[in-house]
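Here we start with a single chain on its own, the form predicted alone, put down as structure tokens.
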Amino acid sequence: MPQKVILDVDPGRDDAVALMIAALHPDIDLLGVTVTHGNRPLAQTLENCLRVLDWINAPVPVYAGASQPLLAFIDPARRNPTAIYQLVERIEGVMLDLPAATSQPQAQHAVAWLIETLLASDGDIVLVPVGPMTNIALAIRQEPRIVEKIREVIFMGGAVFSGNITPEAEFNIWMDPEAARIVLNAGIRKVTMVPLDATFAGYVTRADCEALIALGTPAGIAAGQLTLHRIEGAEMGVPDAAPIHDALAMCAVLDPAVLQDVRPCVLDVNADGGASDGRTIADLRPGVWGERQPTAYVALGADRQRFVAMLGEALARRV
């Protein structure tokens, strides 16, 4: 049976690749996509999401969600949204390089749909948040009973050793640390964190992108071209390469072995507004946990060759 999945996105070029994998792979039953603020304001992330699904002709319902983080934008000294979006624009561009969407989002709000769908489920849905976790946190706060209905959360976010938006914080968590704290402390039965430590190990090269384009499918062409754009702006130790962060989390749903050095940890988020604001705190020291139980698993590496092969296999498909 295909795994039931809800994907929560803030597209974003790497979100776009994750979307296409989820919508095309026969082992995934993509129930719907919820959209949040993040890489861009909500109106633009929503349009980008619809563009991707239209491009591959995937009739997946899309739900618009939170337009702002829970608290971070309230204090301009803490988060200046104009400056954030200008920064991301320099890296990601304004809109995805795909035709304008012709489809429309569903009328129901993402948070309401999440609650309704999870409560009606048999506890067999995996949530895959690959942006700020505002939608998931709001749903948990409004209806805590959904926690016991979530099979697993596999999220792209956080960093153990080094951040990207600050020296300690990764962008998705930093954008709404309060939301991440709510989700990670909700008591969900299994949480797997796919941090920068893993996604930078699972990089793709220019040659990999050219191989995706050569597949000749709408998904392969789009993924290759979108990722080539990321390579132009990437700063990593491997030349002509870049991570596709969110796609790795989606691939981990299909095959957990794509993640390496996966360790149990006690996981939390710093949301104090200081220099370490948005930092994910992964306590990997079982000897000092005492009576505490591990609250999550964190991947510190990735099988790059397996990841690239999974991209090719998934993106060679058509609806």
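It should be emphasised that the depicted structure is a prediction, and the values quoted were computed from it without experimental measurement. Numbers for residues come from their place in the sequence shown, where the first is 1.
From this point on, the text means the form predicted in complex with a small molecule, which you will not see here.
Colleague: With the small molecule left out of view, which of M133, A223, M156, A139 would have a heavy atom within 4.5 Å of it in the predicted complex?
Modeller: The residue in contact is M156.
Colleague: Though the small molecule is not shown, can you say which of T217, T192, T117, N164 has a heavy atom within 4.5 Å of it in the predicted complex?
Modeller: Here the answer is residue option N164.
Colleague: Against the small molecule in the predicted complex, would E92 count as a contact residue? Criterion: heavy atoms within 4.5 Å.
Modeller: It does: once the small molecule is placed as it appears in the predicted complex, E92 has a heavy atom within 4.5 Å of it.
Colleague: I'd like to know if D246 sits close to the small molecule in the predicted complex, meaning any non-hydrogen atom pair within 4.5 angstroms.
Modeller: The answer is yes: D246 has a heavy atom within 4.5 Å of the small molecule.
Colleague: Consider F171 of the chain shown here, and say whether it contacts the small molecule in the predicted complex, taking contact as heavy atoms within 4.5 Å.
Modeller: Heavy-atom contact with the small molecule at 4.5 Å: present for F171.
Colleague: Taking heavy atoms only, is N39 within 4.5 angstroms of the small molecule in the predicted complex?
Modeller: Although the small molecule is absent here, N39 would touch it in the predicted complex, with heavy atoms inside 4.5 Å.
Colleague: Could you tell me which of 293 to 301, 20 to 28, 7 to 15, 307 to 315 sits within 4.5 Å of the small molecule in the predicted complex, going by non-hydrogen atoms?
Modeller: Result for this chain: 7 to 15.
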